[in-house]
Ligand code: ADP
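Encoded as structure tokens, the following chain is the form predicted on its own, with no partner shown.
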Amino acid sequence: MPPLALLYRHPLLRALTLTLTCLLAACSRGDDPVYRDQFFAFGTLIDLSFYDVETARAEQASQALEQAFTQMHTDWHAWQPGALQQVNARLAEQGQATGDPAIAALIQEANRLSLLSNGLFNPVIGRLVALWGFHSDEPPQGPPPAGERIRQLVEQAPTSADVHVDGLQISGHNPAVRYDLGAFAKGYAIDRGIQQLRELGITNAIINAGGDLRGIGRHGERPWRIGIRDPRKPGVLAAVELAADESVFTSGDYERFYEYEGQRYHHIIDPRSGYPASATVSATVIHPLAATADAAATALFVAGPDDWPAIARQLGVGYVMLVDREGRIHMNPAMKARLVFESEPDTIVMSDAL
């Protein structure tokens, strides 16, 4: 099954995934009552951890989630045939489309978060993402796109404000609109997965999609404890204990990228310039909703070290850590109070603007 958003994996990612799995399971003893399972969707491993759930119910939940995630993966794929591609084609050809309830709700929420981010999370720049070569199952080859081609797409300025959703009717007035929900769909899917677990009576669980996750309840007598990866070195930068219902998402330049003549080009495109955002190497967000955390992490990555506090306020995000290209760590006091670093950072830049 092709991924929704292709991940060109950093060589250390598998080791990090194992580290995160260990943290999520609290490196448990053999008698630790955590059911664990994995499946592949959205271009990554989906790790499930359920605490104190009988095996039959846990297996039922795992199978249900795998089926649901596989269907969402297909429906929301950025460049393979599916429901989202049908909407994109109709918007380009006729300026209007009819979506099913799930796709209409997905697009409406993506548009809402995009507007709150001042368009720094922009779900309709799929043409620009494709121009950079990230709508493919293989890494891009050769030089980056010509500056003139980038400029032409930027000047068309597609934004979520160009699209209106009325029930199942989706209409647009900018033919340059092309949805690519790779910076949002995984979080939205996790939120739906958590709702599904609760309907099945599971109240202590984590759904972890390649290090981006939402946890509910607790790991027995203590909170779930998870690791946030270091964007430039092996292992974990910091650990955090989750509240009863929280999501942790990180956007980084280290998974989907290629290098040409010593320059790294990654998939997080600044819609204002048309080029990969260059001031940030990772942005981590904690928020109750995974969809909001997912979109916010991308928006704050693009906003960069100077402008992230204003965008975080607009998105209602209260916990942020951003690592800039010089290795400095930017965060707000609320986030700093929750993190336990593996080693003390050389430079921390605090912002009280939240």
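Residue numbers run from 1 along the displayed sequence. Keep in mind the model is a prediction, meaning the values are calculated, not measured.
The next section is about a form of this same protein that is not shown, the form predicted together with adenosine-5'-diphosphate.
Only one of the listed residues (Ile216, Ile226, Val236, Val129) places a non-hydrogen atom within 4.5 angstroms of adenosine-5'-diphosphate in the predicted bound form, and that residue is Val129. In terms of contact with adenosine-5'-diphosphate in the predicted bound form, the residue from Leu120, Val87, Ile207, Ala110 that brings a heavy atom within 4.5 Å is Leu120.
Remark: Ser247 does not count among the residues lining adenosine-5'-diphosphate in the predicted bound form, judged by a heavy atom distance of 4.5 Å or less. Taking the partner from elsewhere, Val323 is found to have every heavy atom lying beyond 4.5 Å of adenosine-5'-diphosphate in the predicted bound form. Although the partner is absent here, Val302 is a contact residue: one of its heavy atoms lies within 4.5 angstroms of adenosine-5'-diphosphate in the predicted bound form. Although the partner is absent here, Asp75 sits far enough away that none of its heavy atoms falls within 4.5 Å of adenosine-5'-diphosphate in the predicted bound form. Residues with any non-hydrogen atom within 4.5 angstroms of adenosine-5'-diphosphate in the predicted bound form fall in just one of 249-257, 155-163, 226-234, 192-200: 249-257. Applying a 4.5 Å heavy atom cutoff to adenosine-5'-diphosphate in the predicted bound form picks out Asp180, Gly182, Ala183, Lys186 from 159-191, in order along the sequence.
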